[in-house]
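First, one chain by itself in structure tokens, the form predicted alone.
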Amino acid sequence: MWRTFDAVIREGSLSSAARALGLTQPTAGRHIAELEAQLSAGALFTRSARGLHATETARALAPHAAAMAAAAAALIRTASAPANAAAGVVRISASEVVGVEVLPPILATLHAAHPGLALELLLTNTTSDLLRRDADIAVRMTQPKQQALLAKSTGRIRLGFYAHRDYLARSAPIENAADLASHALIGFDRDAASLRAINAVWPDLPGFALRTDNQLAQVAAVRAGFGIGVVQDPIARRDPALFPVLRDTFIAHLPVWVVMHEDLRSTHRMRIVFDALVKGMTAHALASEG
């Protein structure tokens, strides 16, 4: 019932929650009705033309339900195979850029070697709570501070300004930072942490011609020739049409860590995936030094 409640909170309707959980809509509705009866707190949701809206009681229960749903999902993953087997479910958390641009070949090699593994990939730019088991293993761009985590540094990834050759061919030459004022820059919109980080490294940047907090959209805009944006060096180097801009002027590095709960170190499939991610992300970081 709590998993259904959590899904309805996230999805906003019984039908969407039922699809997410592999249930029928009547079953999902029955779960909510049973939960309301058990709690004796009245309706948890109100209906509207746009779906279900959480009541004040439901909103207060939501974080507890999310924790219970995460624990239930972790329980199912744990039971998916014996602890000593190179098989079963492993849930991996990573940023959108890493998940789309970096992990696919790493995971393809991993699965070819261990076809019994079933990999779940959670792409989010927020930090997944490994203690709550939102994921089993995470690739993070900050050093973890929580206790009870096994963390391995895989190096640093150099970041730099890049632009497509077509953009550079039709634009004014760029010889120093002041020249950027006449160019189309691609950057963040409302992501305060990222804006502060960029300002700390490049405090005199002019305004952005394209603002988006989605880093995949930023990379795509650079590839499309919109203008100049920040791209990880190893990603940019795979595309012969992308060229560095003021490489020796604007320098920044992104630390990379592979992290999992220390209680999982004795589970064979977790260790296999952890080691594969460490190897792959180390190679990715090293590629930025070439």
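Here the rigid core means the biggest group of C-alpha atoms that line up within 1.5 Å when the two forms are laid on top of each other. Computed from a predicted model, the values in this text were never measured in an experiment. Counting begins at 1, following the sequence as shown.
Same protein, other form: the form predicted together with the DNA, not shown, and the subject of what follows.
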4.5 Å heavy atom contact, Thr282 and the DNA in the model of the complex = no
Is there a non-hydrogen atom of Thr24 within 4.5 angstroms of a non-hydrogen atom of the DNA in the model of the complex?
-> yes
Indicate whether Ala236 is a 4.5 Å heavy atom neighbour of the DNA in the model of the complex.
-> no
In the model of the complex, Met270 touching the DNA (heavy atom, 4.5 Å) | no
Thinking of the DNA in the model of the complex, which stretch from 260 to 268, 49 to 57, 218 to 226, 244 to 252 has heavy atoms inside 4.5 Å of it?
-> 49 to 57
Any chance the CA of Arg238 moves 2 angstroms or more between the shown form and the other one, core superposed?
-> no
Can we say the CA of Leu52 moves by at least 2 Å between the shown form and the other one when the core is superposed?
-> yes
For Pro26, decide whether the Cα shift between the shown form and the other one is 2 Å or greater, given a superposition on the rigid core.
-> yes
